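Only one chain comes next, encoded as structure tokens, the form predicted on its own.
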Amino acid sequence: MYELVVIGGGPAGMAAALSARENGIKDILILERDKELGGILNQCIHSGFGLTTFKEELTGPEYAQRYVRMTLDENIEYMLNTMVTEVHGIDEDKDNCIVTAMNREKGLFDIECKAVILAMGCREKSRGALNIPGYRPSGIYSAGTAQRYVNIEGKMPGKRIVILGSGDIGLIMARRMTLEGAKVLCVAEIAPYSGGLRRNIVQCLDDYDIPLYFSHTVTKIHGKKRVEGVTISKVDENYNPIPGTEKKYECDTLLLSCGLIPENELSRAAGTQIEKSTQGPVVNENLETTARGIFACGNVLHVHDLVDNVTKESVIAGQKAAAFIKEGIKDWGEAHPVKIPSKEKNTIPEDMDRSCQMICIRCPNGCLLTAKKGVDGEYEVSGNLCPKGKEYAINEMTKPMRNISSIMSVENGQGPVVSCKTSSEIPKGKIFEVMEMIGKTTVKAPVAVGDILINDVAGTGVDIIATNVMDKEG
């Protein structure tokens, strides 16, 4: 019997488990269905994580590895390749929660515990929910699936790409596919605004001249065995296609980035009340669901914009679950839907004077900056909420710089590729030269986070460093 079982070994699950340990809970078990801890962050090789939690910008694997290391250092027990099939809370018939799981070693088994934290994350909306006319040929992927193919397995889904949906994953994959040599023809967004951060519109689309069409959607998929093309059409205020606005793109791949929803099959089966607006569990102020002894946090509760916010919420869940375990069953108050802050509708102003105005990409704020060169030769910058904005604006006017994240082939590793990044910014004009060198280089395992894989790449004075661990087989 365990005191606490955490379902999900991603950033939410690990943060919750570490928080519970810090608050006096010793017997903790994390159950993870994948082959390693870290969750979805293992395939999110781009930077932008950790600005709040660690006060520095990290890639997804780097952020995950920090929590993996803390989990190992605390000797928190975990099981990998383990699928949870059922969860039961405390009721009149039983004094403890029951978690039913299965794996190859143990088969189907039950775990008794005093409390459970649900941290299963979220998943992408399926194409079936989008009702796109046409056949079901190969070449249609969710953006997250394509991300895994490219960043984990080192495989390219296609060469000519259309992306439906401008959420952050779709925007990031537009850049990722371009860097790997594909041609992204356009990103179509059915809403009149983007679902992604403004800084991602700039650094993932504008940097590579990829068009973004608001109020457009895919109205037909061409091809039977393989995607041969798609037709996109403009939509009216009710999201209905407008006849006569059709435009066909010849492509071999369609990526769908049409939103995320909490992974809540287990939550529903456990009898927790689900909130329609978030599609996550209804919880009380202690993050306890309507099923006694079962808590929820992270993207399984509601989809967050930033992993730093997932971590913050999960720390609270660990604290409250620890209090529940130590204090015993009591009435903690009425459950209620989670209040989600209204999300900014992100667009780039159509009247933006690109000769002197720009969107800052230093942080998720995406400030609209104005920079002008004064008569004394000094630049005057306005619109920035922090000093980084001024630095960015001046660099963008004089010598634009970018960070690059990618993958590199690895020999004798547990996987075919290892994720990597530039140790600091490189000139924007050097991006594809740097990518060419990365593509031609193979390293040998073992590789650790921070290892230098290429010195002075493309004569930039910047190194290429590893951002995740790649051990030898066995």
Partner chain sequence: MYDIIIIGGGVVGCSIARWLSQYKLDIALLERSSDVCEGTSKANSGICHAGYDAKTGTLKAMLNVRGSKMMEALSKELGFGYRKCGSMVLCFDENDKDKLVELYDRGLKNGVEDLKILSGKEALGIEPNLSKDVVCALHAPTGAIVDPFTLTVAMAENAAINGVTFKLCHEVTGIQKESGHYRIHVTKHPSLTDHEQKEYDEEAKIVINAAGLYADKIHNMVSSAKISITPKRGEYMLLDTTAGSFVQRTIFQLPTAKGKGVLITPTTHGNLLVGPTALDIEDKEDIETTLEGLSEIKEKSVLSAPGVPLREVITSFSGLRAKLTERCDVINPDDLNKEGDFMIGEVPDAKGFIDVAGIESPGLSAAPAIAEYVSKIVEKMTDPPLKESFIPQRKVHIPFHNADNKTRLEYIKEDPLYGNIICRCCMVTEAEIVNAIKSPVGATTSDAIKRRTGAGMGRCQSGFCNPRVVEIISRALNVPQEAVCKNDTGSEFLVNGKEDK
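All figures in this text were calculated on a predicted structure; none of them were measured in a lab. Numbering follows the first chain given and starts at 1.
Note that the form predicted together with the partner chain isn't included here; everything after this is about it.
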query: Region of this chain that lies against the partner chain in the model of the complex, out of 67-75, 97-105, 283-291, 167-175 [heavy atom, 4.5 Å]; finding: 97-105
query: In the model of the complex, the one of 226, 372, 326, 248 near the partner chain [non-hydrogen atom within 4.5 angstroms]; finding: 226
query: In the model of the complex, the one of 304, 390, 312, 160 near the partner chain [non-hydrogen atom within 4.5 angstroms]; finding: 160
query: Within 4.5 Å of the partner chain in the model of the complex, all of 83, 145 and 156 (non-hydrogen atom); finding: yes
query: Residue contact check: residue 133 to the partner chain in the model of the complex, 4.5 Å heavy atom; finding: yes
query: Distance check, residue 234 to the partner chain in the model of the complex, heavy atom within 4.5 Å; finding: no
query: Close approach of residue 211 to the partner chain in the model of the complex, 4.5 Å, heavy atom; finding: no
query: 4.5 Å heavy atom contact, residue 402 and the partner chain in the model of the complex; finding: no
query: Residues of 13-34 having any heavy atom within 4.5 Å of the partner chain in the model of the complex, listed in sequence order; finding: 33, 34
